[in-house]
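What follows is a pair of forms of the same protein chain, given separately as structure tokens and numbered structure 1 and structure 2.
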Structure 1
């Protein structure tokens, strides 16, 4: 409960109310919070709670605080609840009803039902993450009802802070992405955008970037396949380059690849068929892209998945990955495909997600 801050409960500009539910009691971890029954509101940005009797008593928490959440079924004499697990308290959190809590989760207890719909909407909002598109950059100040809405970080300081945060984030992105080829492909679009924005920054020479840093950045870009920060002249226009790359890939998929830009790699892979190479780029429903041998027909994959699962009785994605020596990501995709074709069914419990032969 120490993640909440006092609030006037008024919505920001760009913040929309999604759903509200009366008759909700808050729990700090497993203990009843020292608050009465209230109304809980879900907006695109925050989770807000207001005391039913005393409207002045109103608290809010940004949805970005939420790691994950789950339903807790009702029991005899107990209402249904939603348990929400939270990130640690941010340093700049405004004061709220609790200074400190030993719990990193709260519960919403639905005394007047409504938990099914609330859970559904919360799931939607946590998936869409609409607060990321229209950020409310400063927490709402306490109590004063006169502020009807706009409180954004003002001044150069706020802008500079944002740029610095973004830079740290992108630095992290770059090192993560190069660990694993499949992860690299997924981050392809992100990475290309990133390198373009860095290139522009260099061009505009925004204040703090020194000569030395400029050279370092250019080295980054070179390793990502963009020789000249502004254009790609030196690498030749796309098609010819990709053609060459595709041929090379066909030969040396086993050898460790030199660093390529994800975009180049994906474009090269798309050319496998036209070059009559025995490789194919395959895109799963989830968007995951893999390179596989042409001989790897879908039926074979599914049949072998079914055999493996039947032999062991049941398998999780991790167990299947170990069995086949594949990445967990890939093995999960195969299991899901087999499920989609009706050969497997799933057992989803607190123990995890397990696949069984479809005996139904």
Structure 2
């Protein structure tokens, strides 16, 4: 316990709270510490303990003081504990509740459980050792009295500084993200223009291009879907653009290298039927949208769901998805459709949603 120093409990600059647990009693070795029950906080840099009743009673210890730790199982009338073995007391340690201890380890006794998750998070922090990469601010002498000592605090100025640093970092990340997106869009347009130029040269058979090279290169461009992509620059915007995009989607069901927004893609898919293309945009009752062949009938989907559920006795959406090789989301929609038509019934329990043949 002599490794702990008095603290105000405030997190310092570059320090982040990892987990906290109520109802923890401290042991100095095998002896109960002269402290009541409290809240133990694990940060990226320190182990902090605060008295539940007296919030001014707060102590902290650097994670760098820990050599290793182990679990101690609960027994009859005894709570589960984490035993933490410590390095010797450093020469420059600040004052704390104990000036001397005969033990080189402490125990955290968890009266309200939570020791498993706390042990896991402590293991992660001791493995990462983030305190080495992000040192906290320097100690600032504050307060007076036996429990005040020389605590490390950031105060209002430090908190405002930390908020400002996070804001600047967020702004920087957003700017870089938009910059990368802009570069990607420029690059995509360059590739589209390049493909058009090459395609036109091949079409006009300019330069020293053999017949075999022409055939191979055309096949290569077509396989990539960039022989003549539909873009807003070439086909304008609004309805005309969506009509042309729908035709292209109907032919290859994939977008070219030109970037598409989800809204443009949905609007184009809605025009499959008006263009009499062999594809249709199907919207389920839940709002899930899929593109399917016009020949794909609702009766076939229901029959497939009923056959598979009857054969297996019962199925979840995950099990049905594995059988058909579909996504879980689409498999669930098919099962719900069969249920809606009265062919299946459900059992919605804590184990999840399971479908059965409707025998009534």
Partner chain sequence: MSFEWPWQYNFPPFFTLQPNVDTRQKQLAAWCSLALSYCRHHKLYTLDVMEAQESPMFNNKKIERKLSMEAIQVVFEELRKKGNLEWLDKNKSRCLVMWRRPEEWGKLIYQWVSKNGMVNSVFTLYELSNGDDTEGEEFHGLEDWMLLRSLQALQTEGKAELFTMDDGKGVKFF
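Take the two forms, superpose them, and find the largest set of C-alpha atoms that agree within 1.5 Å; that set is the rigid core. Numbering follows the first chain given and starts at 1. Here the structure is a predicted model, which means the values were calculated and not measured.
Asks: Which one here is the form predicted together with the partner chain?
Replies: Of the two, structure 1 is the form predicted together with the partner chain.
Asks: Does residue 72 shift between structure 1 and structure 2 by 2 angstroms or more at the C-alpha, the core having been superposed?
Replies: Residue 72 C-alpha, core-superposed: shift of less than 2 Å.
Asks: Any CA movement of 2 Å or more for residue 266 between structure 1 and structure 2, core superposed?
Replies: Yes, shifts by 2 Å or more.
Asks: Following rigid core alignment, is the displacement of the residue 26 C-alpha between structure 1 and structure 2 equal to or greater than 2 angstroms?
Replies: No.
Asks: Upon rigid core superposition, what is the positional shift of the Cα of residue 288 between structure 1 and structure 2, expressed in Å to one decimal?
Replies: Spelling it out: core superposed, C-alpha of residue 288 shifted, distance 49.9 Å.
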